[in-house]
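Just the one chain here, the form predicted alone, laid out as structure tokens.
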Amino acid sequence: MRTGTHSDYMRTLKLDSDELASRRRFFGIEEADLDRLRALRPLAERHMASIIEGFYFLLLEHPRTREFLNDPELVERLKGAQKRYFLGLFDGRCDLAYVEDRLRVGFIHERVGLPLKWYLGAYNRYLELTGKALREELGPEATTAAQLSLQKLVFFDTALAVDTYVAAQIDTVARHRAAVEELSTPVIRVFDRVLLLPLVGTIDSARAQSIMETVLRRVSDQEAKVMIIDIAGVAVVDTQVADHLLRATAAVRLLGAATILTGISPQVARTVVELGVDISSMHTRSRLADGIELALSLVGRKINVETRE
């Protein structure tokens, strides 16, 4: 499910006044082009219905695009959006409001799941149908000039359509990455001001950075006094992993919290000694249960064990 909007996409893609001016220069869209298209609006209004029907005839005739448009009510809503889009080509403007409107149309088609290749292919039908209407009412010279101006604006819109889909992919990837990072660094609240981070798998530089950011954020948000890092599930503990843990400990200490390292097996202990890594700056325990007990004592709590005979 998408969480962004076309306005969010404008911010993501940095579509501001400077970017708009740059794109207009690149596509060669001049005021003369916009004036020419504005003068053709009455012609566009006369032919709009047939052009939109021809446009959707292509989408509904092709089996690969028809499957995305199997809801008649959805098709009617899309046709309404396309009518507004089509007439917008002849408004004689190409400003930020125009850009946002174009992104809205692309946003709608991306939301219904229409693949970009079909969306872009449909623009060709737009030019074909509009060109036919122009030739029916204008002379050869006027038709050529009008088609050139229209082509500039349609290509401009095509780039915006691509931007819409790209922004959607960026949004999706970002959400997936956040979900993966959340799963890979699950910070658990054990007790008031005591947090636990069980690590599993391999720790590389990218994951270490994510761990650092998550740990610091949660320590700050929870006003934690102790962070337990359990490495029982870490496949390999080498110099790099140890260095990452030390950096995390130093950062946590700056926030006024202590770090307890648990899950240290005899093999890991031997490896750390052989590598000459100094982990004296953090508390260490072999078992997680012992680490939790130490953490509670550091915040003035203890585990009460009642023995019944």
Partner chain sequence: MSASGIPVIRIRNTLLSAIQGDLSDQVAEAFQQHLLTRIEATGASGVLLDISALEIVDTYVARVLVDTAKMARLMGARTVLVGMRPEVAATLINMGNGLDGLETALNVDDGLDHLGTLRSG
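Residue numbers count along the first chain shown, from 1. Every value quoted in this text rests on a predicted model; they were computed, and no experiment measured them.
Just so you know, the form predicted together with the partner chain exists too; it's not on screen, but the next bit is about it.
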Heavy atom of each of 209, 217 and 251 within 4.5 Å of the partner chain in the model of the complex
yes
Can you work out whether residue 247 and the partner chain are in contact in the model of the complex, taking contact to mean some heavy atom pair no more than 4.5 Å apart?
yes
With the partner left out of view, is residue 224 within 4.5 angstroms of the partner chain in the model of the complex by any non-hydrogen atom?
yes
Heavy atom of residue 256 within 4.5 Å of the partner chain in the model of the complex:
yes
With the partner left out here, check for me: in the model of the complex, does some heavy atom of residue 193 sit within 4.5 Å of the partner chain?
yes
Select, from the options 142-150, 209-217, 127-135, 79-87, the stretch whose residues sit within 4.5 angstroms of the partner chain in the model of the complex by heavy atom distance.
209-217
